[in-house]
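Just one chain follows, in the form predicted alone, and it is written as C-alpha cells.
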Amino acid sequence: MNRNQYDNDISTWSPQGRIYQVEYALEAVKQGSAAVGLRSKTHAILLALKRSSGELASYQNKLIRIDDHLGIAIAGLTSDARVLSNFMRTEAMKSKIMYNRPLPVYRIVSAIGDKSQVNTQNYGRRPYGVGLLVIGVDETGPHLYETSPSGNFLEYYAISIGGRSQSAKTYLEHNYESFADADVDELIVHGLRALHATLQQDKELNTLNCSIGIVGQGQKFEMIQDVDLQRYLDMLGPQGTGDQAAASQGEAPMDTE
C-alpha cells in the first residue's frame, strides 16, 4: 500500500503513525516567505519578508496587529491567517470587555493551538495552512511564540519560519545569547541579518520587501515599513553577514520561489 491510500482525509493514520494531511499543511508553511522573531528582556520584535505576485502587484503584508500589546507574523496561506487573526482580535476584545485587562499572551496562543488541533481530528476538515509567530507583552514580560498547523506551540528566544528559514535559524543560534540584554536597535539589526540569510544570493533587503513589528514594556505594538525602515537598513551595513554565518555551517540555500 502506498501513502495515497492514507492521505485522503485528516482522520486516517498511516501504518507508520503519520497523518499526511498535517504534514502537507506543514509543507505549506515552508512555502511561505520567511518571518523572524526575537525577544530581549524588555522587547520582542518580528521581521517578515514580503513577496509580490508580479510587477503590477503590491507587496503582501505579512505582519498583523492584534491589539496594543500583541502582533503576529505569518508564513503560509494568507487567507487562513486572516481567519486566525480575526479570531485573535475577537478574543482580545472579549478580554477587555469582560475582564477590563489585556489578553495574556499565553492564553491566546493556547487558544490558537486548540483551534488548530480541532481541524486535525475531525473528518471533513483540513488543517490551517499557516504558521504564526506571535509576540506580545503582559505582566510577566515580553513573549515570542510559534504556532503550527498541527496545533503545537512553543515559546522561543528567537525563531524563524517559512522558506529558507534554516539559514536564519543558524544565525540566530550563534547569536541568541546576546539578545537578552540587547536594546531595540541591536535586536532589529540581528533580525535583519537573520532575515537576509533567507534571501537568494542576488536579492537584498529594501524598504519594499520587508517590514518590522515591535512591542515592549511601555511600548505599544508598532509596525515599521516603507521609508521608515530605511534607518534600520542603513544600520545593517553591507548586506550578507547572515549569509556568511549560515555558509560557515555548510547550509545550502534552498530555492522557494
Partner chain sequence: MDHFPNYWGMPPQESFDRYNIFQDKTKNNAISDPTTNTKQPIVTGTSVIAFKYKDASFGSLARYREVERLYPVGEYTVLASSGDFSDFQYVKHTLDKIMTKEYYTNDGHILGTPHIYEYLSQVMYHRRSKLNPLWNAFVVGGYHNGEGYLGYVNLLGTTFQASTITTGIGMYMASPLLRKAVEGHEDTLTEAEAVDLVEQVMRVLYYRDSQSINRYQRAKITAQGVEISPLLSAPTDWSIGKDLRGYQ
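Residue numbers count along the first chain shown, from 1. Note that this is a predicted model, so its numbers are computed, not measured.
Beyond the structure shown, there is the form predicted together with the partner chain, which is absent from this document and is the topic of what follows.
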Decide if the three candidate residues 183, 223 and 231 all line the partner chain in the model of the complex, where lining means a heavy atom within 4.5 Å.
no
Examine residue 106 and determine whether its closest non-hydrogen atom to the partner chain in the model of the complex is within 4.5 angstroms.
yes
Please determine whether residue 99 contacts the partner chain in the model of the complex, using a 4.5 Å cut-off between heavy atoms.
yes
Is the gap between residue 140 and the partner chain in the model of the complex 4.5 Å or less for some heavy atom pair?
yes
Spot the stretch among 168-176, 120-128, 106-114, 183-191 with residues whose non-hydrogen atoms come within 4.5 Å of the partner chain in the model of the complex.
106-114
